[in-house]
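The chain below stands alone, shown as structure tokens; this is the form predicted on its own.
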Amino acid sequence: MSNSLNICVLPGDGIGGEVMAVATNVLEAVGKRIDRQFKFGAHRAGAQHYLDTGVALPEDVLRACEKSDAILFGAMGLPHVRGADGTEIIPQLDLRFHFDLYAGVRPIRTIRGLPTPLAHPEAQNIDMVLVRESTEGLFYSRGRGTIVDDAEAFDNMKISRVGTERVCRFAFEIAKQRQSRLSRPGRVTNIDKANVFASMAFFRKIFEETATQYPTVAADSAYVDAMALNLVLKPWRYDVMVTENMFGDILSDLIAALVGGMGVAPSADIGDKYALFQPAHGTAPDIAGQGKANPTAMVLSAAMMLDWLSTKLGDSSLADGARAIEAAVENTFTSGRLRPVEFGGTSGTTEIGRQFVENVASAK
């Protein structure tokens, strides 16, 4: 087993580079704790690179990603940078399709010491995972949509048996892991619109078939509109959720808001061979360069990367590193001394990042 890991780093646009710098500093501190070395290879890609060169995701960057142990991604895209069809330049979607990263994993958990928008006391116990199918659904139509005579526009949704089975299995496996770790029954909730669309009824059918293979995990389904309501009224009741691409895109933002916003929402896009880890937030060009960006989501995404690598490589020390990062984040905010700007505080990127590193280094 090698003590050295090659991480392909794509800082991207806007605040991507700012939060990425914190994440790599934290990983270096973790590496010293667990006797592992992270070799970071940084590459340019994204909307600004597209403006500068005409290419958003160069071939040599794709090759570097292919050769790496994992991909650590900041944020890409700028609202004013668009292609000929009017859509934004967003290479993260190209990466998902190129590497077949079919499971978009969005864990959401209350962080002690930070205020939550919900007044209910149970809001302190929010701990859920949304698994989003990331290669099909309505997003499949990206680049394939048609406009007829400047009068009608059409985008098609794709739901396949193979795609749905594998993402549902992924969700049930996460529920089994959480069931063991949290010592409580696991549950997977399918979110669809099966009362209207044949494609969604097909998704539900496959979900229910998959559920029979996991008798120790409870399974149920809900329509997406009702789920949007329930996720605000009683989010603490949910464990793991699985859904189509577009529904997942929308609901992942909603559940991030329940614990304070995108600045504390990590994510991963995982396939059978490759995986990419990034904060759920965007490039936030309105605050880029001001030192206000909250690096928490980026750092927690790095912890998710270590967990994935631990499983992939059979290296439990990497999982220990992930726990050290999570504890460092929790300890940083539990004291009440630091509070990110979007939570009404004045703590900036550098100050929060420095405290993360100190807490990783000093943790018992």
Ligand code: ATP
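Please read all numbers here as calculations on a predicted model, not as lab measurements. Residue numbers here begin at 1 and follow the sequence given.
Not on display, but discussed next: the form predicted in complex with the named molecule.
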| field | the named molecule contact at D286 in the model of the complex, heavy atom, 4.5 Å | value | yes
| task | Examine S134 and determine whether its closest non-hydrogen atom to the named molecule in the model of the complex is within 4.5 angstroms. | result | no
| Wondering, does G113 line up within 4.5 Å of the named molecule in the model of the complex on heavy atoms? | no
| Would G282 show up as a contact with the named molecule in the model of the complex if we use heavy atoms at 4.5 Å? | yes
| message | I need the one stretch from 114 to 122, 153 to 161, 274 to 282, 223 to 231 whose residues put non-hydrogen atoms within 4.5 angstroms of the named molecule in the model of the complex. | response | 274 to 282
| request: Identify whether the named molecule in the model of the complex is within 4.5 Å of every residue in the set G263, A293 and E342, based on non-hydrogen atoms. | output: yes
| remark: None of D127, D253, E165, D100 but one has a heavy atom within 4.5 Å of the named molecule in the model of the complex; the exception is D253
